[in-house]
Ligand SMILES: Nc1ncnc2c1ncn2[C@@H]1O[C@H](COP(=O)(O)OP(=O)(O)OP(=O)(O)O)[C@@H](O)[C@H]1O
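Next comes just one chain, in structure tokens: the form predicted on its own.
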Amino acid sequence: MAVRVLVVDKLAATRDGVAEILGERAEVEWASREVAVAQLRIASNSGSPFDVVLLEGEPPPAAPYVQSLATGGARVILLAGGSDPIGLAQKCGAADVVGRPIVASELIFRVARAPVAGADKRRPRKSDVLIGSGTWIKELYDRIAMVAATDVTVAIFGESGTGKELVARTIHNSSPRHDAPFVVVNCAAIPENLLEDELFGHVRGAFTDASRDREGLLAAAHTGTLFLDEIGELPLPLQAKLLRVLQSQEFRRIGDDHDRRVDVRIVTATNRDLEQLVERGGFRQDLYYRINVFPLHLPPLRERPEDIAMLVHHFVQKYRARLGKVIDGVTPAALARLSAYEYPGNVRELENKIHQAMVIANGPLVEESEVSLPRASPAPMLRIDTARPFRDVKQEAIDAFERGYLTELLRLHHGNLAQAARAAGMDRKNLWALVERHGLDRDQFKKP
């Protein structure tokens, strides 16, 4: 059954672009903001309600207006550009957000999560905060969209702090199991002698102090998703038991004399090279093949420095209310310093640094002196493609930094080019030329 989508935008041509991307997946219509609520009401009364409203984010819509669009049960997805589209969506109460310019795979992924009229309604969810730009995030959305609707086992590879659990949650929330439990097991955090009991449970009398039956986390994840974080730390004896679960959907509690069946999807994650572990005998080869059916690889933050400005703004929005401080962002000098650091702890480390700086900060902007980073921090390590000319690779790195710097600068000064130029110590004409070259729209940064 096709999803019914109402595009609410100044330009009717936006409807054509959305319809071309969604194809046969959706029936797409258009309305201006002024008549959208009435059009939704008419469609609902006629028995053909809209499932999704794609709402333009400029100017930022008021929360009551967004609520009126959602009254009939439609899922409101904001179409927003700028440096913090997720923050804007949360502020106005939209259920989800698609960045502008629109990435086809992201639009398909977000719209596909909406319930179709007459089908079971999914519970409301906030946006999955997968923040990034460029090809890596597009490819990630593409692969999540491919695998989410299936029960295929997923293996997520990436350094610590790159967001592996967030990706696993996104897969679960986008799957038919979304209303069932999502159970997390950190294989590295539980002592080896307790891990088997945590996973599989036990029966009364199985060992000293086993005074009653105990369900393990595997049983707790029944009908849902079991996320095994740091799977490379799983002891070999438990690897054999996990392999049996994957092969037959059966397991046995400690001390039990019969098997139990379980309906569960397994998603794993690791920051280790499992192929090397297999070669050294630390990981079963047959289990490796079983969990590596659909691999996802997350890049470290040092390979995507262009995302730092977006992440910084997101974390400022996240923590300022919790800290009870009126902090609008960071100064250009602070952003430059944050962008020059390598982040061995990846996004998690950046979040901690922003949180720490906001605790110290006294003004409306976090100053460079309030950012606690090693003074001799190395330059970002990019993925170097030596098959390409040196000049091209160098220019790509410069462009990524310039775009991030300009985005944060314009946001801090609400699109006021004169103020931004003074803060950056640049000639206004030179700054304008850079803004034009990177295709940034100053209107996106102006106060509503």
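Residue positions are given as counts along the sequence shown, with the first one as 1. Just so we're clear, the structure is a prediction, and the values are computed from it rather than from any experiment.
Just so it is clear, the following notes concern the form predicted together with this ligand, a form of the same protein that is not shown.
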Partner-facing stretch of 286 to 294, 248 to 256, 311 to 319, 102 to 110, counted where any non-hydrogen atom is within 4.5 angstroms of this ligand in the predicted bound form: 311 to 319
Considering 165, 215, 139, 328, which brings a non-hydrogen atom within 4.5 Å of this ligand in the predicted bound form? 165
Note: exactly one of 332, 85, 161, 305 sits with a heavy atom within 4.5 Å of this ligand in the predicted bound form, namely 161
Can you tell me if residue 130 lies within 4.5 angstroms of this ligand in the predicted bound form, counting non-hydrogen atoms only? yes
Is the gap between residue 229 and this ligand in the predicted bound form 4.5 Å or less for some heavy atom pair? yes
Against this ligand in the predicted bound form, would residue 347 count as a contact residue? Criterion: heavy atoms within 4.5 Å. yes
Given that this ligand is not shown alongside this chain, does residue 197 nevertheless sit within 4.5 Å of it in the predicted bound form, heavy atom to heavy atom? no
